[in-house]
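Presented below, as structure tokens, is a lone chain in the form predicted on its own.
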Amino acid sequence: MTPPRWTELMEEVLIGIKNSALTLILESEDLKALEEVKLQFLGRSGRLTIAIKNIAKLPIQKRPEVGQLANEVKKTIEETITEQELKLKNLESNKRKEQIDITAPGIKPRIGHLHPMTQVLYDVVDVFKGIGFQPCDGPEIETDYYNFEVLNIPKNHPARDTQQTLYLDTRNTKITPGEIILRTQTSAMQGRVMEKANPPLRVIVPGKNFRYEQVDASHGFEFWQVEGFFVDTHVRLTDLFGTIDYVLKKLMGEKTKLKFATTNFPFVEPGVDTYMECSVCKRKGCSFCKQSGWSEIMPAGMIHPNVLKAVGYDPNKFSGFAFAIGLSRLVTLRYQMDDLRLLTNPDLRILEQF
């Protein structure tokens, strides 16, 4: 066999491959069959791939001519595969559309809603805005100065022991150890606000607080408060009682029973504790109210003169009151939940009830 005959045979092989490939491509009825044809001819061990490798065995002067033919065959096969692939995809798409019964009722999507904590928080803010209080926000990572010292709780004051403070690790920094904490009370915003604004002031501060406390049905190491304070001339203790009574009855209902008891907080004088009838047990006694029938809901009092002095106010001219609603506890009482920990439970069977 002479070299020219080898060339003719190679050309015949390439044309035969093209014809076979085009026939199989056009006969493919789905994308899987088309992919198999593609591998049969263009894969690593495909018929065209092997034929192209054999071009190297031809005489040098004949290789360009046969190589050009091989490229044309490959291009034709690839273009036909692309066209057939598009055609098959369109057919499948149309087939799926035909299978959809547009008269059948759709599947209703599950739509989320606000967490009960957020719902009650919005209600609290609305009630206070209605009587002139302005909401503000502050940092959860706080300084010892604003969290304690401005509030008449100096270093080594015994009241600090009740706060169970969480301190941030400030080693290898220029910060004095013990000066940066997770705030234990939103009361820390009293100093920050009053330093920058002059009376009269009516402010509420919703926010999260942190204390290293034993978690139980009515306590958590992470909890929400709504701090509030009112500073003006001639503010009286009766103004505080009237505000508490109005707000809690707006939130919990006009028949809500309240009682007050004297208590001691370094940043108020006098200090009062607000107790609300336990809505879980209706004063019969339960684990949430510790069998007392009453739940502490809102510690408060008249702002201590030392706090007013610390922020640059004249206590002989101005007076005020402050309070802190335990928001987490308020939510559980509003929805008659017997365990505060349910608020942080991600179980949708619980959350979907609100």
Ligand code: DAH
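Keep in mind it's a predicted model, so treat the numbers as computed, not measured. Throughout, we count residues from 1 along the sequence that is shown.
Quick note: we don't show the form predicted in complex with ligand DAH, though the next part is all about it.
- Although the partner is absent here, Val120 lies well away from ligand DAH in the predicted bound form, with no heavy atom inside 4.5 Å.
- Although the partner is absent here, Ser187 sits close enough that one of its heavy atoms falls within 4.5 Å of ligand DAH in the predicted bound form.
- Using a 4.5 angstroms limit between non-hydrogen atoms, Ala51 is distant from ligand DAH in the predicted bound form.
- Among heavy atoms of Arg211, some come within 4.5 Å of ligand DAH in the predicted bound form.
- Contact annotation: ligand DAH lies within 4.5 Å of heavy atoms from the stretch 316-324 in the predicted bound form, the single such stretch among 316-324, 64-72, 24-32, 286-294.
- When you look in the predicted bound form, the only residue of Ser279, Gln163, Thr80, Asn152 with a non-hydrogen atom within 4.5 Å of ligand DAH is Gln163.
- For the options Val268, Val231, Ile204, Met194, the one in contact with ligand DAH in the predicted bound form, meaning a heavy atom within 4.5 Å, is Val268.
- Residues Pro299, Ala300, Gly301 are the ones in 282-318 with at least one heavy atom within 4.5 Å of ligand DAH in the predicted bound form, listed in sequence order.
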